[in-house]
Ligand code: PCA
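What follows is one chain in structure tokens, specifically the form predicted alone.
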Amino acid sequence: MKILLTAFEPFGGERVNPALEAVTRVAGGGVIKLYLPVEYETAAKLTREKISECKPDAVVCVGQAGGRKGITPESCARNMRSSASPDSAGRLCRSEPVVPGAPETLCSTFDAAGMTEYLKAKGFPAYVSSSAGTYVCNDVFYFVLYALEGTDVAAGFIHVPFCTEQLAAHPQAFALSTGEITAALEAALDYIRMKLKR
């Protein structure tokens, strides 16, 4: 089984991105990794090209959501680009569709609730999120789901909290160590392998 695992570079003035730090450490056969700039359209385009190139059985995109208190599989993506801050290329989007004329919402094609229960059973703090926001994480998530409609390729998004290396800048925030986030992502991939059984 081949799983495409994506993560974003640091953004918003942060020196590290826990999604990137953890994904680089994820072990296991059949995992193909892709590191993305935090840029509207560009990140989605690079992901689409990688899907076409490697033809994975599943796509798991990972991003940081500072302020969350656990690992949060996303249940759906919105057809919306909108943020108060520009992306890493300086582009600011306000209420623009990801794909003009496409559905307002698309749902993850792996079981976000089931994955969450699996992670909790393994001892990780986890809960389902119903909003991936409207920034670049959601942009990639929506575009991947849209591009893979009608195929048997499972796809979804997982947000992770701050890592402990970021606590100096965010002293009151919930954080997990990079090792804990890595282990949680490896458990999430195990769940996908069990569900797909390919």
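On a predicted model such as this, the values are computed, not experimentally measured, just so you know. Note that residue numbering follows the sequence shown and begins at 1.
As for the form predicted together with the ligand, it is not shown, yet the points below apply to it.
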K50: touches the ligand in the model of the complex, heavy atom cutoff 4.5 angstroms: no
In the model of the complex, V38 touching the ligand (heavy atom, 4.5 Å): yes
Partner contact for G63 in the model of the complex: the ligand, 4.5 angstroms, heavy atom: yes
L145 within 4.5 Å of the ligand in the model of the complex, heavy atoms: no
Stretch in contact, per heavy atom within 4.5 angstroms of the ligand in the model of the complex, of 53-61, 169-177, 134-142, 27-35: 134-142
Full three-residue contact with the ligand in the model of the complex, heavy atom 4.5 Å, for F8, N17 and H159: yes
Members of 71-85 lying within 4.5 angstroms of the ligand, judged by heavy atom, in the model of the complex: none
